Ligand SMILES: Cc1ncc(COP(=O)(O)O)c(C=O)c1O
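Shown next as structure tokens: one chain only, the form predicted alone.
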Amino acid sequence: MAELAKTLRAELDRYSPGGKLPSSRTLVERHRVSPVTVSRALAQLAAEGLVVTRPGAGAFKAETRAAPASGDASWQELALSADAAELVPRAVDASGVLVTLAAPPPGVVEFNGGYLHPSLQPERALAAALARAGRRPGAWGRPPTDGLTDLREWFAREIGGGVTGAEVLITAGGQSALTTALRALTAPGTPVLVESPTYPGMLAVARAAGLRPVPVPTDTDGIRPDLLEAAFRATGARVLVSQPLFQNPTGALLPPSRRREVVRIARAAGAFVVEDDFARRLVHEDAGPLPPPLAADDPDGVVVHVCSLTKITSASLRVGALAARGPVLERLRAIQVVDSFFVPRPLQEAALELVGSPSWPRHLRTVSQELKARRDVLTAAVALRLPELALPHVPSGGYHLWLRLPDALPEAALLTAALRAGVAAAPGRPYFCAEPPAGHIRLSFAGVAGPTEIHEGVRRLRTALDELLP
């Protein structure tokens, strides 16, 4: 299709504006392609504004449009500048998010990915689920604003601990849920405690809401309770955002003693804990039994729970959940409705079909086995070929390794050299809301095709290191 569209694009100079192109049958015979290919190529040119298709009449070269007048947007510099009374600037740095969303150039090994490689996604099961969902009665009607009852109850059972469907709101993925939670729980200009390092998308959400992220250091067991207690005292913060399970980017798993301490400390401070449980379904085969979510053992409503189906399925299945107990649920619900009305019903119906199908547990087992195998391949390759990079913790869940660089190796220089060598890694700097203790990179083993590509990516990183190190 792309080749035919390119050919037709080049041939448009032969026609005057409004001139009719050859018929689809003629194009099929001339270029020896299928009618579907012709249809798609013409649709592509129509989307680009180069041709106009008229049912029953054919395709015509689009009329030339005058270039729009150049405006003067310089006034926006003043309108977007931070007011003197603002405690937090409104400008938001989304670079840490974009690096995991933007596709690198062709041929580059994607160690910077934030989602499963297509070979790990349940594409057939998703397609079948979407097809079945589309045939459900009322599938294209307006859903309840809180989400479909059956889907809310499914998420409640997954969370456990007596959480009910009435305490769950369906969201457009985890990022949307985090946005709603932070806007609901604290006011612009106030501090919010975050793990350091932590997920850049959450930092971007916090800053977009006008909050002041305050770092609480972590170690290989997660957030440090002693420093958390001190941070609450020093700042008066009323919210902590935490990833107790396979923390991003460190991969740390919060042990039972610290789990209890985190909730106790927050309760004593009169604060909420936003639990971002993004990686529960990304557990590795050798992880052993997982601890339940913090929300499952929280009768007082300290924990606001966030989870999603996106990471374990596809970036486009943006279906997640917010769970909360007490009066805060009504505030979360109000902000959710104002921001997005509701999650499209066909997506919710498809999610229900997927998690209720026999293919769902099979998919979870396959991903668990694959992630463990890929983690082991990348860990061994890093130890063998990149001994200069420190790996303080090998995770038992999630999809990446967090590596510390030597003090003499600038992070930005390594990433630039790596791209020249044909491999993309996620920079460590966006994971810190204050000055980082050292340079870091994050290497994803879920977004690549398999072991062969992992080995090739590490080989290219070695080339980059050799370029920079004496």
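Quick caveat, the model's predicted, so the values are computed rather than measured. Residue numbers run from 1 along the displayed sequence.
Same protein, other form: the form predicted together with this ligand, not shown, and the subject of what follows.
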Taking 4.5 angstroms as the heavy atom distance cut-off, pick the stretch from 362-370, 241-249, 116-124, 129-137 that is near this ligand in the predicted complex. 241-249
Is it the case that T310, even though its partner is missing from this view, gets within 4.5 Å of this ligand in the predicted complex, heavy atoms only? yes
Answer with yes or no whether P395 is in contact with this ligand in the predicted complex, where contact means some heavy atom within 4.5 Å. no
Contact test in the predicted complex: P197 vs this ligand, heavy atoms, 4.5 Å: no
Would G174 count as touching this ligand in the predicted complex under a 4.5 Å heavy atom rule? yes
For a quick test of understanding: in the predicted complex, does each of L178, F278 and Y399 have a heavy atom within 4.5 Å of this ligand? yes
Looking at R345, R318, R374, H284, which has any heavy atom no more than 4.5 Å from this ligand in the predicted complex? R318
